[in-house]
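This document starts with one chain, in the form predicted on its own, laid out as structure tokens.
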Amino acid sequence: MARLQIEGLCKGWDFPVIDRLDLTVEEGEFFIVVGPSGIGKTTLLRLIAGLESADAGRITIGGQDITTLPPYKRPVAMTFESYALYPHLSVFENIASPLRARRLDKAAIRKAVTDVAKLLRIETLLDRRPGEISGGQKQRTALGRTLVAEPQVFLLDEPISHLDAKIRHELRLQFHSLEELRRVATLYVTHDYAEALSLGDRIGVMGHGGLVQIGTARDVFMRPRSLFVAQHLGQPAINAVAARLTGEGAALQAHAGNTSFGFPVVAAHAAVLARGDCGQVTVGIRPQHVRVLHNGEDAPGHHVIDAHVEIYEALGANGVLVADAGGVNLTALTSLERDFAHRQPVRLALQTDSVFYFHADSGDNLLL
């Protein structure tokens, strides 16, 4: 079984980039690593591929220790964000290069290259060189070269980031059904939360030093262990408001500093929060849990506050509204059926049973 297993992996320069990282990716599993730029996602892939040497730890594939093997002896194929194409070779020859290294016959090579080129919609570009095609076409060429390699582990570094939205969507659908990916372990790196939530059998959120939370996309999105995790999954980003909890027992209230913004803590949350010393918190409210009410509309089970529109943008299937709610700016998702003017008064309904409470210093989710 081509399981990828990482134990106690360490890598650093002036500071630890990866610190005692443990991870297992099963054969057939599509594992997504998501996180901000510069956090070490690509370094992790390069360590597995052998392009960087580990300071400590162990990497095995199918039970074979590959930690010190040179790159050409590792059963992995990697797609680079920077393409890494051979400029003097055609698109066909770039895709075919791993097959030629295995000395396959010409007919098998042509069929494999043609099939993957059709999948990636670059079959008309096979005679061109990298300098004669666009950035998105270069990225699809690099992805094609990885897909034909038939390794035990696929390493995909931002493989569709330079493509237009339509092709990105089509390729995300293809990734779900590609047999090549379901026969091996796949580690896919991205900073795009939509890709992570759409593609991953499991996802790992990468923070300073390693993976700070691993789980299914739904579990990590709905139950983030920390404010860091919550801030890196979701678009628009979660509303994070510094607040203080006051009151006792089930009568807890959350208030934001010297503003008029505040709301009652629901009983289920208050029962957990009252057990600890957590007066100062960061309240996390996802934009989809802030509803803009129509005139006269009621919102049972929600806390309603008065606000004024600061910014409104119509984006795709939704509008994004930023409103001043008593001295705190809150972002809300709206339907495109409504339009809003600057400083227009609005009423916002907070879904308080979906609010997160994070420790003011550590950022830990206080409800877990």
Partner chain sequence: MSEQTARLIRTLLLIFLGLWLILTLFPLYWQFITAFKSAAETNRTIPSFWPEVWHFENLVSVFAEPTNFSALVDSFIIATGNTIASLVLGSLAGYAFARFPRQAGGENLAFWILSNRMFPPVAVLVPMFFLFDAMPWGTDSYLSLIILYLVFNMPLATWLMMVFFRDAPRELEEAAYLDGYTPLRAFVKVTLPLVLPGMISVAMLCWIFAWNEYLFANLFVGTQVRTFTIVIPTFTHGSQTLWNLQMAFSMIAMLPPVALFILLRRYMVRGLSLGVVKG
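This structure is a prediction, so every number in the text was calculated from the model and none was measured. Positions refer to the first chain, counted from 1.
The form predicted together with its partner chain exists for this protein as well; it is not shown, and the discussion that follows is about that form.
S.K.: Determine whether any heavy atom of Gly257 comes within 4.5 Å of a heavy atom of its partner chain in the model of the complex, and answer yes or no.
M.R.: No, Gly257 sits far enough from its partner chain in the model of the complex that none of its heavy atoms falls within 4.5 Å.
S.K.: Within a 4.5 Å heavy atom cut-off, is Arg244 in contact with its partner chain in the model of the complex?
M.R.: Because no heavy atom of Arg244 falls inside 4.5 Å of its partner chain in the model of the complex, the answer is no.
S.K.: Decide whether Leu293 counts as a contact residue for its partner chain in the model of the complex under a heavy atom distance cut-off of 4.5 Å.
M.R.: Because no heavy atom of Leu293 falls inside 4.5 Å of its partner chain in the model of the complex, the answer is no.
S.K.: Looking in the model of the complex, any heavy atom of Gln253 within 4.5 Å of its partner chain?
M.R.: Because no heavy atom of Gln253 falls inside 4.5 Å of its partner chain in the model of the complex, the answer is no.
S.K.: Please state whether all three residues Gly40, Arg202 and Arg225 have a non-hydrogen atom within 4.5 angstroms of its partner chain in the model of the complex.
M.R.: So, no: the whole triplet misses its partner chain.
S.K.: Exactly one stretch in 89 to 97, 206 to 214, 111 to 119, 263 to 271 has heavy atoms within 4.5 Å of its partner chain in the model of the complex; which is it?
M.R.: Stretch with heavy atoms near the partner: 89 to 97.
S.K.: Among Leu187, Leu85, Val281, Leu143, which has at least one heavy atom within 4.5 Å of its partner chain in the model of the complex?
M.R.: Checking each option against its partner chain in the model of the complex, the one that comes within 4.5 Å is Leu85.
S.K.: What residues in 27 to 49 sit within 4.5 Å of its partner chain in the model of the complex, counting heavy atoms only?
M.R.: Heavy-atom contacts within 4.5 Å come from Arg46, Ala49.
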